[in-house]
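For reference, the chain that follows is the form predicted on its own, supplied as structure tokens.
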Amino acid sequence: MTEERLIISRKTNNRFFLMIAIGVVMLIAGIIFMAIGGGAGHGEGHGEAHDVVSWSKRLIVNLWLNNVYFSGIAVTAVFIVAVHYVAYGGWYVLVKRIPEALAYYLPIGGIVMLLLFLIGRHDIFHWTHEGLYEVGGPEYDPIIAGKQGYLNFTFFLIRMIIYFGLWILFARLLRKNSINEDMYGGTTYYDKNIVLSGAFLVIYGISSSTSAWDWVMSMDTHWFSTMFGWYVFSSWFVTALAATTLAVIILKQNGYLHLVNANHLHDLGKFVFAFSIFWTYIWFAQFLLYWYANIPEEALYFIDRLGGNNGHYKAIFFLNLIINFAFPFLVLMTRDAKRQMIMLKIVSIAVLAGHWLDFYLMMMPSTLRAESGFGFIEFGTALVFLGVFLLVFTRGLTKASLVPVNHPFLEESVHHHV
């Protein structure tokens, strides 16, 4: 089996850089408009200092949102690779280089996450304010103070470094063995990756939940959900699957991945279809528990997103369900739809946008309340991150053959039929 190398043209790279440049211009324009207009949702007379806090907080939260979203795609792509190693999956071999390359964003995600927390933690997390822990002080909060053993600056930082350190380590080891397999053949590197994958699945199983608690759930410091780790995982997983599917289709449309056929697309479509339903199951189970119990401090999360904040998020709340469940469910229901590139492409783009909106809905009501929106800052930040992610991802794809030429299950993947 001959190797297949991706060549990224200068024109394509320039498009990514243009995307980043447009994003930066939009960010600057958004900051200027907010500074002049007194911030989003503020009336006049709040003072210049408050205006500065307003735009900077909105910027910091949007940076955090996008970095959590793209870092989640990157680490969950490693999870997809690891699952197939442990399950002795053969069908996916022809597309495995895509999730391997998606993981190249992880070092950037780690650095950005660290800097954002060090610089803007007070804008993102209410629990980082020192006055909350001073017994007898005006800001003292006994509920938050009771969580100080877990939610404190040092331990939070240590956890973040451990998460990214382990994720990057395993992503690189799996990738290194995969490339060595291309060069030297045999089953030695394949066997090594099975062992590594088993260890990574345990690490990911724990860290995907705890990182979700840290980076998203702790924004609502008084609220917690035992299902939240699963909820964030399901969102990351279906997004990583959609990113993989979309990349496969775009590569095929540009003359690559000749051996990938409708059967591989069918399986990718089944994954996106199935895990859109899984995400909805977790969403509904969490919602049902809180609706049924109707305990005020537990229902607060959904009240803020349905009726609270002057109904600011109500439309997004229902749009989230339509894009992430109803649309992929109805479009991908038939066998033929899962085998057509145009259908899969549309659904994959919708899922990627829909789950960005899902993370928006997780974070904005907890931080910006009714002051969030969709303006230059939101679109500018998303464009910058998307441009950087695509640059890193495509460069990762160029570093190895798109076809893992010496993988033991390559023939099985070539002759895959469903």
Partner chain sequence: MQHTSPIREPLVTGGKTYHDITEDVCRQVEAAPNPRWAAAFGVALIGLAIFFYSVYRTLWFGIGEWGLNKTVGWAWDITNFVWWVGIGHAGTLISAVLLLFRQKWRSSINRAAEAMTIFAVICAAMFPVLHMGRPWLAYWVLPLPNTFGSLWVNFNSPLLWDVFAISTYFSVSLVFWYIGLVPDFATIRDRATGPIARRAYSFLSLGWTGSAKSWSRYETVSLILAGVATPLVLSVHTIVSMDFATSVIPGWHTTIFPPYFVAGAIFSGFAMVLTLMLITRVVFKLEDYITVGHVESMNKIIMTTGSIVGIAYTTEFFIAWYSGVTYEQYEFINRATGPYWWAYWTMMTCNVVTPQLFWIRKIRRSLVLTFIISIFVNIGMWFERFVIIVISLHRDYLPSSWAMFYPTWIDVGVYVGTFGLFFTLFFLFVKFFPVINMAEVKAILKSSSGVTHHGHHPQANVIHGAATDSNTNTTHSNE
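Residue numbers count along the first chain shown, from 1. Only a predicted model underlies this, so the values are computations on that prediction, with no experimental measurement involved.
Just so it is clear, the following notes concern the form predicted in complex with the partner chain, a form of the same protein that is not shown.
Contact annotation for the candidate site: Thr226, Phe271 and Pro408 all lie close to the partner chain in the predicted complex (heavy atom within 4.5 Å). Shown alone, this chain has one stretch from 312 to 320, 71 to 79, 150 to 158, 106 to 114 that lies within 4.5 Å of the partner chain in the predicted complex by heavy atoms: 150 to 158. Remark: Met217 counts among the residues lining the partner chain in the predicted complex, judged by a heavy atom distance of 4.5 Å or less.
The closest heavy atom approach of Leu330 to the partner chain in the predicted complex falls outside 4.5 Å. The partner chain is not drawn, but in the predicted complex it has a heavy atom within 4.5 Å of Trp230. At a distance threshold of 4.5 angstroms between non-hydrogen atoms, Asp141 is out of contact with the partner chain in the predicted complex. Residue in contact with the partner chain in the predicted complex (any heavy atom within 4.5 Å), chosen from Leu169, Ile206, Ile250, Met343: Ile206. Of the candidates Asn177, Thr280, Thr221, Thr128, Thr221 is the one whose heavy atoms come within 4.5 Å of the partner chain in the predicted complex; the others do not. Using a 4.5 Å cut-off on any heavy atom, the residues of 185 to 201 that reach the partner chain in the predicted complex are, in sequence order, Gly186, Thr187, Tyr190, Gly198.
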